[in-house]
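Quick heads-up: it's one chain on its own, the form predicted on its own, in C-alpha cells.
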Amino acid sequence: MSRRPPRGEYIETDTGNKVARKATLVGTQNIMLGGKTVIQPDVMIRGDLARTIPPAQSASGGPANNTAVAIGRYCFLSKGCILRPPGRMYKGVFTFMPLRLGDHVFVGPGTVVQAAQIGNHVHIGGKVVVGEFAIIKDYVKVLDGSVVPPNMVIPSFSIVAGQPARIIGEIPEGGIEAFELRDLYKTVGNNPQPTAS
C-alpha cells in the first residue's frame, strides 16, 4: 500500500497557479505566470515560440529577455484554448514577439489567441480567434465565435462580435464587476470551494 496521497488533476504552484496535468506548456522557461491563474486541461501555451535575437543585437550586456507569453493574475484559460505568440519579419529575420495578458482575463474554450497584448479585465468567449498583433484594451468583452482580425485595436469598455469582429456596443457603467475572476478561481483545483449563493 502506497503512503503517497493520490495525485490531483491540478498542479498548484507556490504563487497559487493551478495548472492541469493534461495542459501542454511548451517552452516553460519562456512562460511567466503572474499568480492565481487557472490553466484547464487541453490548453496549449507555446512558450517555445520566443523572440530570436542574435547575441550582438542584445541592448544590454546581460542576457536577453526571452519571455514569449506573460500572463497576469487571476486569469482563467478554458479547455482547449491556445496561446501562441505572434510572429513577423524583423530586420530581415522572421521572429516571434511577446504575447502579454493582463490581470483577470478569461479565455473561453476552443479559443486561439495570437494577440500582441490583452489588457486587464477582458472576457474572450468560446471558439474565438484573435489575430496576430491585435491589441485588446481593458474591460472588453469579445463574444463567442468572433474573429478579431490581425492588427485590430479594440478600445476599452467595448463589446465586440462578428466575423470579422467589430464593435457592437459598450460596457455599461456598473458592469465592470462581472470581470472579476477571484470567485471563479476558488471553484477550480484539487480542493474546490463551492460558490457562495
Partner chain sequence: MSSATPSPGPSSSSAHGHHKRHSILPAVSQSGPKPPVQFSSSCTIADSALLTGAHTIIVSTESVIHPRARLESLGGRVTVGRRCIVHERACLGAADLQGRYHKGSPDKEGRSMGAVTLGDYVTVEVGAQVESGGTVIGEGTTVGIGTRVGAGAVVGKHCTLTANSTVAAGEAIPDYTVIYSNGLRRVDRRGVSDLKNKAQARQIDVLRRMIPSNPAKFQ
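The structure displayed is predicted, hence computed values, not measured ones. Residue numbers count along the first chain shown, from 1.
A second form of this protein, the form predicted in complex with the partner chain, is not displayed here; the remarks below concern that form.
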query: In the predicted bound form, the one of 142, 38, 43, 154 near the partner chain [non-hydrogen atom within 4.5 angstroms]; finding: 43
query: Interface membership of residue 169, the partner chain in the predicted bound form, 4.5 Å heavy atom rule; finding: no
query: is_contact(residue 96, the partner chain) in the predicted bound form, heavy atom dist at most 4.5 Å; finding: yes
query: Any non-hydrogen atom of residue 80 within 4.5 angstroms of the partner chain in the predicted bound form; finding: yes
query: Non-hydrogen atom contact residue 134 with the partner chain in the predicted bound form at 4.5 angstroms; finding: no
query: Contact set, 88-127 vs the partner chain in the predicted bound form - heavy atom within 4.5 angstroms; finding: 89, 92, 93, 94, 96, 112, 114, 127
